[in-house]
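Presented as structure tokens, the chain that follows is alone, the form predicted on its own.
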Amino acid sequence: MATPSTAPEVMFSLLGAAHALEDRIEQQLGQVGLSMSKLGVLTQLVEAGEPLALSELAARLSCVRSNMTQLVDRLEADGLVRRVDDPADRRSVLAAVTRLGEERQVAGAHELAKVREEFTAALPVADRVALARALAALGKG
């Protein structure tokens, strides 16, 4: 494959690499019955150490509440979270991670680490440093 030289080629190359990495992560997480979205919610709940309001989860994961409601519905159907009443506000419902959800979060984190190791092994340190510098520069624009 030729090295991209023009700005559009570089942009499309970057997008292609991002999509390939996302596909690889989704494939690896799929082996433990998760997606990036599901792992994100489970990780937030595990790290919080307590049930969280769906609006709080949506804010932490930068998504709209209706999407979070649907995602929690799917996680609840999978037995990974359960809804509990908010003791501070009886109109509100919280999401609590189940024991199975905690186990699945650990398994998902392990699968994500495998992809990170593959990524690290595929790029020499100098290339990773250059990539990090380039991505940081792009993020400022």
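Just so we're clear, the structure is a prediction, and the values are computed from it rather than from any experiment. All residue numbers are counted from 1 along the displayed sequence.
Missing here is the form predicted together with a further copy of the same chain; even so, the following discussion is about that form.
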Exercise. Does the 4.5 Å heavy atom contact test between A53 and a further copy of the same chain in the predicted complex come out positive?
Worked result: no
Exercise. Would A58 count as a contact of a further copy of the same chain in the predicted complex, using a 4.5 angstroms cut-off between non-hydrogen atoms?
Worked result: no
Exercise. Within a 4.5 Å heavy atom cut-off, is L112 in contact with a further copy of the same chain in the predicted complex?
Worked result: yes
Exercise. At the 4.5 Å heavy atom threshold, is R116 in contact with a further copy of the same chain in the predicted complex?
Worked result: yes
Problem set entry | All of E26, L100 and V106 with a heavy atom within 4.5 Å of a further copy of the same chain in the predicted complex | no
Exercise. Who in 105-130 is close to a further copy of the same chain in the predicted complex, meaning a heavy atom within 4.5 Å?
Worked result: L112, V115, R116, F119, T120, A122, L123, P124, D127, R128, A130
